[in-house]
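A single chain, nothing else alongside it, follows as structure tokens in the form predicted on its own.
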Amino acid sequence: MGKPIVITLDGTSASGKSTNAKRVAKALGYSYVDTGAMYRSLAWYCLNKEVDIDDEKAIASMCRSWKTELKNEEGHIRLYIDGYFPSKEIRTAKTSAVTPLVAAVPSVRKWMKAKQRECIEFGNLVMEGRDIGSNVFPDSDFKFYLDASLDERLKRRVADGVNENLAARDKQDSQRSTAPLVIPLGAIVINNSDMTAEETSALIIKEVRTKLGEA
């Protein structure tokens, strides 16, 4: 057997990464990894432990000491903390607000990169995030970058009942010093402003199957 295949889906907020990654993983029978949830989990943990979010050293220390474990639950790989996965807690407005700050800490990104690479122990993956194709699995042959107009992405957030300053988040993600949001080298760029999730995922699946057929 060859090494596991990793399909990377990077992109801006509300560009459809999660929806399409889940659809692609299900269609191909691969495991799905939401790396954003990992950063959200650390943000939630720091809030829960009353860590000063402006103190990078304190955040880094917490990241080194928390007890975590990767588990594959029906094809969805999750990061458990002390045997618990905070599915609802990591989606609150408070956690969302501090996640970019936690994710910008260099040592946190180093820890997350190592942990995310461990996911290949579960086999073929569809992994979505903001630096997967550029930093975590830069050698992947299956790299995609999703984007959409700011207006369209704002509409999607509102439809989900979320009020978020996407322009500010884009700036934070693209300007951080460690593993910033960029289009990975060799990635297929998909602007899905006028596309449905079905159309977007179908395009990705077609490209992957074409490459697998060529291989």
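Source: prediction; values computed, not measured. So that there is no doubt, residue numbering starts at 1 and follows the sequence shown.
This protein has a second form, the form predicted in complex with a small molecule, left out of what is shown; the following refers to that one.
Q: Hey, in the predicted bound form, does K88 get a heavy atom within 4.5 angstroms of the small molecule?
A: Outside the cut-off, so no.
Q: I'd like to know if R40 sits close to the small molecule in the predicted bound form, meaning any non-hydrogen atom pair within 4.5 angstroms.
A: Looking in the predicted bound form, residue contacts with the small molecule include R40, since a heavy atom lies within 4.5 Å.
Q: Does any heavy atom of I132 come within 4.5 Å of a heavy atom of the small molecule in the predicted bound form?
A: I132: yes, in contact with the small molecule in the predicted bound form.
Q: Quick one: does G123 come within 4.5 Å of the small molecule in the predicted bound form, counting heavy atoms only?
A: No.
Q: Could you check which residue among D173, D147, E56, E152 gets a heavy atom within 4.5 Å of the small molecule in the predicted bound form?
A: None of the other options qualify; the answer is D173.
Q: Want to guess which of 65 to 73, 46 to 54, 165 to 173, 186 to 194 is within 4.5 Å of the small molecule in the predicted bound form, heavy atoms only?
A: Among the candidates, contact is made by 165 to 173.
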